[in-house]
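The chain below stands alone, shown as structure tokens; this is the form predicted alone.
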């Protein structure tokens, strides 16, 4: 049964043209890859497209997977590259994407039903402010903070995924957190 196989074994089967093997890889990783793309891009539609392109690229290049990194790291790297490509294409936009989220934050981050309307509004406003602060970070800092804080990846996993030295990853995470703290402290609205 495919569910019991390791990711690496599934890749071997996929290379030998077992169509169900790649399907199992997608099932295992589609939510994490979508979450990473959403964290980097901020728009559900863009994230869905980037995640889909990630798996298309992985499928096309499955025979090139050398096993030097984990399958998850390989997929995350493809997703990061896809997000960077998406950001470059969207660079002509005059405003950042979170200024026009079309209410997506309410759909993606559902608040519990027992909250009062005032609490729900306040939480939504805080969420939007935090998302705007994250989106305003430079891409190299945003990608590591999304992976560390939202994807809950370890420093080592981020290092492998981005093919960066561990010390660089740690430095970028701490720099990103410091910049976020400064941005949020400067806001006139009370957070917390």
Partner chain sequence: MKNANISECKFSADMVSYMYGELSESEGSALELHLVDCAECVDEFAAVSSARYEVYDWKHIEFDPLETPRFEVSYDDAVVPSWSDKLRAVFAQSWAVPAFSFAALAIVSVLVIGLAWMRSGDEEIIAENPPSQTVAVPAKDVVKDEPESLPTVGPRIEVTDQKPIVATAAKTKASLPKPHVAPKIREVPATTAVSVKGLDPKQATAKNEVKAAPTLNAFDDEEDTSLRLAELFEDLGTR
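Positions refer to the first chain, counted from 1. Rigid core: the largest C-alpha set superposing within 1.5 Å between the two forms. Everything numeric here is computed off the predicted structure, so don't read it as measured data.
Form predicted together with its partner chain: not shown, discussed below.
The putative spot formed by 65, 78 and 85 is not touched by its partner chain in the model of the complex; no residue has a non-hydrogen atom within 4.5 angstroms of it. Heavy atoms of residue 136 never reach within 4.5 Å of its partner chain in the model of the complex, leaving it off the interface.
Using a 4.5 Å cutoff between non-hydrogen atoms, residue 152 counts as a contact of its partner chain in the model of the complex. Taking the partner from the other structure, its partner chain in the model of the complex has a heavy atom within 4.5 Å of a heavy atom of residue 30. With a 4.5 Å cutoff on heavy atoms, residue 145 counts as touching its partner chain in the model of the complex. Counting a residue when any of its non-hydrogen atoms is within 4.5 Å of its partner chain in the model of the complex, the hits in 162-179 run 170, 173, 174, 177, 178.
After superposition on the rigid core, displacement of the C-alpha of residue 176 between this form and the one not shown amounts to 2 Å or more. Here residue 45 does not count as shifted, since its C-alpha moves by less than 2 Å between this form and the one not shown after the core is aligned.
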